[in-house]
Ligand code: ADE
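Presented as structure tokens, the chain that follows is alone, the form predicted alone.
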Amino acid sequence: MDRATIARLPKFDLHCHLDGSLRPGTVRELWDALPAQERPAIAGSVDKAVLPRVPCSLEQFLEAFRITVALLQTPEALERVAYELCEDAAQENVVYIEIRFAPLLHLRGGLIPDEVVEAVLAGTQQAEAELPIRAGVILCGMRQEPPERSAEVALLAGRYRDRGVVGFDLAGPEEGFPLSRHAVAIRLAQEAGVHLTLHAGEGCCPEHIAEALDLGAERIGHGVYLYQDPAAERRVREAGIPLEACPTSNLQISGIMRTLSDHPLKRYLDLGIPVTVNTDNRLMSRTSSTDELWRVVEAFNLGPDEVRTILLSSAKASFAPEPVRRELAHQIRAAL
């Protein structure tokens, strides 16, 4: 398969951070409009400040988000960036995207959490009305913050479950921040009927993947280090738990790869584990859905059957309603 074929295929992005996926031009515009006293301290230009030096640790990578989060403190900015993200995805034939963000990080300008969520939903819903794309929103608690904060986000996700919010997640630094600290938030999300995906095994800590499984995760965000825990790998394979691989981002921060061909996602594919391929942060990783899938195809010499498996796994793993999942799977079969 060549890149042009990958570009034409209907694709998915199930792991995409809103504050990591701004257009560079939008970053500059929002930065220029931000009062000087509200700008985070940076060295050099804002264009370079949002591009982490790589390879780096997960914690170092997350430093760039200080800038983008500061730019997303008004309903206008949140709505604009959500729409633009959907627009960019639709232009490369992404037919379904799930956009995740931490709503409690966007309250500095006086917004309340509901207003933050409604602004993002306004952007995704406008995109759905105008573009050939469907979008869901995943709300994130932050694992380094007090459990009460993530519980607030879980309740917020429950309130918007039928209005565009499809999932709950825990993001942020892994080292020293076990998922179990937020067990109450996870239970609240599950009781509200909200789907659950959890970051685990991204930049370290294979034991966090087993912890995510114990807490009821329906999908694992990244799961790069899964192979280092054979028991957890067996559980994931037997239960058919999808992995949200983000190849370029994983290469930038994992610390266990020199090239993309070192990524364990091919091992997981060969084991029959559902693997989805996603962007994570279009801005920080300077990538797109077409780039991500093409890089995987190129790195592992994948053929049409393997690409079909990845895309069908994505349709099935999405948090869209069942009729939509069936329709998305039909699009893949028709294209391949």
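Residues carry their position along the shown sequence, with the first being 1. Predicted model, so just to flag it, every value in this text is computed and none were measured.
Only in words, not in the display: the form predicted together with the ligand, which the text now covers.
Contact between residue 136 and the ligand in the predicted bound form is not found at the 4.5 Å heavy atom cutoff. For the chain shown alone, residue 65 is a contact residue for the ligand in the predicted bound form, at least one non-hydrogen atom being within 4.5 angstroms. In the predicted bound form, none of the heavy atoms of residue 208 sits within 4.5 Å of a heavy atom of the ligand.
Remark: residue 75 does not count among the residues lining the ligand in the predicted bound form, judged by a heavy atom distance of 4.5 Å or less. Only one of 88 to 96, 171 to 179, 224 to 232, 116 to 124 places residue heavy atoms within 4.5 angstroms of the ligand in the predicted bound form, namely 171 to 179. For the options 70, 297, 273, 58, the residue carrying a heavy atom within 4.5 angstroms of the ligand in the predicted bound form is 58. Heavy atoms closer than or equal to 4.5 Å to the ligand in the predicted bound form belong, across 280 to 300, to the residues 280, 281, ordered by sequence position.
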